[in-house]
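Just one chain is shown here, as C-alpha cells, and it is the form predicted alone.
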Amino acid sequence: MDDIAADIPAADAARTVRDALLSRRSVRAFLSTQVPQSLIGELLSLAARAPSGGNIQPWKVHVVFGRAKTELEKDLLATAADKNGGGRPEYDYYPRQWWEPYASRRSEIGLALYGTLGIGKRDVAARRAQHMRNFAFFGAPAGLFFCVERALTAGSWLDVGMFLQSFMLAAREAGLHTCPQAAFTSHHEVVRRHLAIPDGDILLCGMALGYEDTTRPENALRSPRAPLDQFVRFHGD
C-alpha cells in the first residue's frame, strides 16, 4: 500500500479516477474557503450518473451552507451536549456486537486518529470534544445530507452508497475533500426539523465538503487497507 500511496500526485486535484480513489479520505479539518453552490450542483449532477436498479435514482440530497448551516450547527451542538437530549438513530449503522477482523480494524483506526491529535485512550473529555466537531462539519463551509424513502428496501440503500462514492470522487477532481458522517443520524430529528425532511425519508448520513486544512495533524492520517488475499477469492483457470 505504501508504494501505491506514493503515486498520489502532489497537486490536490485528482487527475484520474485512480488518483481520486487513492487520495479520497475522511478529512476532519477544513478551511473556511467557500465552495460555490454552482460547483456543488455540478458535482451532484455528475454523481447522479451512478447506477441504480431499474434507474429509479432513489437518492435525495439536502445541501446546507451560510446562515442555514450556522443555525443547524447551533441546534445540533446544543442537543449533542445535553446528556438527556441524545436521540436514537433510525437504523443501526454498526452491529451491536463486534467480532474479528472488524473489531480490531475499528479499534486501530480510532486509536490512530486520536493519536494524531495527542488524545489519550482514557481522555474521555478530549475524545468527546473531538466527536462534537462532527456537528460543526469539522469547519467545512458546506454540509450535505443524504436520504432515501423509508418504503424503499436494501437495494436502494446500495444505490445511494454508489451515489455517495461517485460524489466523493467527483469532489476530488475538483480539489475538494469530504468526510461522510454517520454521527448525524443520532440527531436526525434536529436535522429533519431544520431542513423540513419528511417523515417518509430516512436520513442515511451527512457529509462535510470543503478544502482541506493541510496544517492540521488529523489530516495526515492515512487509514490502512487489508491486503487483497483477505477479501478476494479468484475462481477459474
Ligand SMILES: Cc1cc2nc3c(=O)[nH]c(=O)nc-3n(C[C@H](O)[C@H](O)[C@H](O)COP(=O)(O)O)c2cc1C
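Residue indices: 1-based, along the sequence shown. As the structure is a prediction and not an experimental result, all values here were calculated from the model.
Not on display, but discussed next: the form predicted together with the named molecule.
Just one of 63, 182, 31, 39 comes within 4.5 Å of the named molecule in the predicted bound form, counting any heavy atom, and that one is 182. Site residues 25, 109 and 225 are all in contact with the named molecule in the predicted bound form, judged by any heavy atom within 4.5 Å. In the predicted bound form, none of the heavy atoms of residue 167 sits within 4.5 Å of a heavy atom of the named molecule. In the predicted bound form, residue 134 approaches the named molecule with a heavy atom inside 4.5 Å.
In the predicted bound form, no heavy atom of residue 102 sits within 4.5 Å of the named molecule. Contact annotation: residue 163 falls outside 4.5 Å of the named molecule in the predicted bound form, judged by heavy atom distances. Residues placing heavy atoms within 4.5 Å of the named molecule in the predicted bound form fall in a single listed stretch, namely 134 to 142, out of 148 to 156, 119 to 127, 68 to 76, 134 to 142. No residues of 43 to 57 lie near the named molecule in the predicted bound form, the criterion being any heavy atom within 4.5 Å.
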